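Next up: just one chain, as structure tokens, the form predicted alone.
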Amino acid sequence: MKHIRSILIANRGEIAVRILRACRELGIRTVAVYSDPDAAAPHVRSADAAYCIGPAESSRSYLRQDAIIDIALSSGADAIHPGYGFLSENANFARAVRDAGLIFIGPPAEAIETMGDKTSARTLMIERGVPVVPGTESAVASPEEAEHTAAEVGYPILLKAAAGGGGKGMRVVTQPADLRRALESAQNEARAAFGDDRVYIEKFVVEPRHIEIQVLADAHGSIVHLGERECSIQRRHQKVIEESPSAIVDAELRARMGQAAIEAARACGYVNAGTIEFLVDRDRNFFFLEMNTRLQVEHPVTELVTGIDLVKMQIHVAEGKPLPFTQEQIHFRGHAIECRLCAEDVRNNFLPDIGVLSRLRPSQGFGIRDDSGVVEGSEISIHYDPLFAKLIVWGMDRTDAIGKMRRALDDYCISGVETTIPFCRYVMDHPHFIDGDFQIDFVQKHYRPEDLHGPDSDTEIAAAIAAIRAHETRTTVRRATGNGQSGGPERCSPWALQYRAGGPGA
């Protein structure tokens, strides 16, 4: 059993800050790495030591495996936590960390390799009796083979990159005439994104829900599941809103999915925190989709309903300690919802936006959690993922949580970039979301940008800003003359002003 005294965090943004906080609570020294534009980032300022790793481009900074390991060794770190993204699911990096005598806070490299290749993972799941979507067990070798397989499986089908994730290299094909063109497009995108153009075929599940199971496994053979997360509100195959528990999962289905997830983890010799993703059809049949061999972006909703700190558990397991609880000791309480706050223009096909955060006032209050990697004045650049924060709420039940998220989104004050806040607020008011009646095609089926409330033109935004400034001036005068309460003038974004003046939920 090893005692970790110092951890290098090989990441940036909100997840680096999240890991730093857990380390501080455990009394563990932290080492940050950063690119040139991240020199003043919150994760750099919060760490006990910080080292520049290179210029803005990820390939020359956060993806530099040798440089990161060298810094870990020279700084006296015992372990490396990769967070998610970047090197978190890179088996070669996990192996190199351990070969250097350091602890990799994540699964064995062999498990990452097995589950990172979608075709080998499918084959293994079939062998272990875990339900999988009908399709190929290996990548298709030619357009002719793809056509033959698609005819056997039956349209519609889904083309998926064997080495992929995040929606890259994925295409839905509804008729034979479109197959060859879609296959070539998927292969090209997969090659560009992952350096691997292998593509396999799955039957496209009609009206599916995307539901995942969180697992924890120690090195002593114990594996538990921490319930499910509903991840069906997506755009471009990427999640925007997650919640736990799912509105369609009852205790019986949770137990079956949880056992299947445990079997999947056991099959690949998994240790540490991981997530098994499933598709659930309209008849509540579930099928293995993939395994994420890392901490998930949406892990906070599981933490809030179980009371278990997943980052602390990752460190606990990496030290060689057994899990401190059994499956029977895990209890679920209340309901949690997470909204990913991304710098994206939700009126323009969710295109990324860039700029400086001129104002930032996160929401506060009971049951509200803001996991953020930015502060007022931070720059949102083109070099990294547009996710800058996660807004998470906990309520006694789903209705309470939705109401709390509405208020938290209304109160979130931010300006300088377009964000996903208006879309998230739209979803909280949508009757299909409120009723729990939605699938992964929610955006395509229900979302219309013109239905958004809030300023949608320069004139409206200018008017909102003018109103804010006038309000601040009046407030400052009142306080200066003793007619107001103590404290600085209130500052909020045009979005918050619009909501208060009669936007969603008014």
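Heads up: residue numbers just count along the shown sequence, starting at 1. Just so it is clear, the model here is predicted, and its values are computed rather than measured.
Just so you know, the form predicted together with a further copy of the same chain exists too; it's not on screen, but the next bit is about it.
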item	value
Distance check, E263 to a further copy of the same chain in the model of the complex, heavy atom within 4.5 Å	no
Interface membership of G116, a further copy of the same chain in the model of the complex, 4.5 Å heavy atom rule	no
is_contact(G269, a further copy of the same chain) in the model of the complex, heavy atom dist at most 4.5 Å	no
is_contact(D281, a further copy of the same chain) in the model of the complex, heavy atom dist at most 4.5 Å	no
Candidate from E189, E202, D371, E298 lying within 4.5 Å of a further copy of the same chain in the model of the complex - any heavy atom	D371
Among the candidates Q175, T326, S142, Q364, the residue which, in the model of the complex, approaches a further copy of the same chain to within 4.5 Å (heavy atoms)	Q364
Candidate stretches 180-188, 107-115, 207-215, 356-364 - the one whose heavy atoms come within 4.5 Å of a further copy of the same chain in the model of the complex	356-364
Full three-residue contact with a further copy of the same chain in the model of the complex, heavy atom 4.5 Å, for R24, F332 and R407	yes
Sequence-ordered residues of 308-324 touching a further copy of the same chain in the model of the complex, heavy atom within 4.5 Å	I308, D309, K312, M313
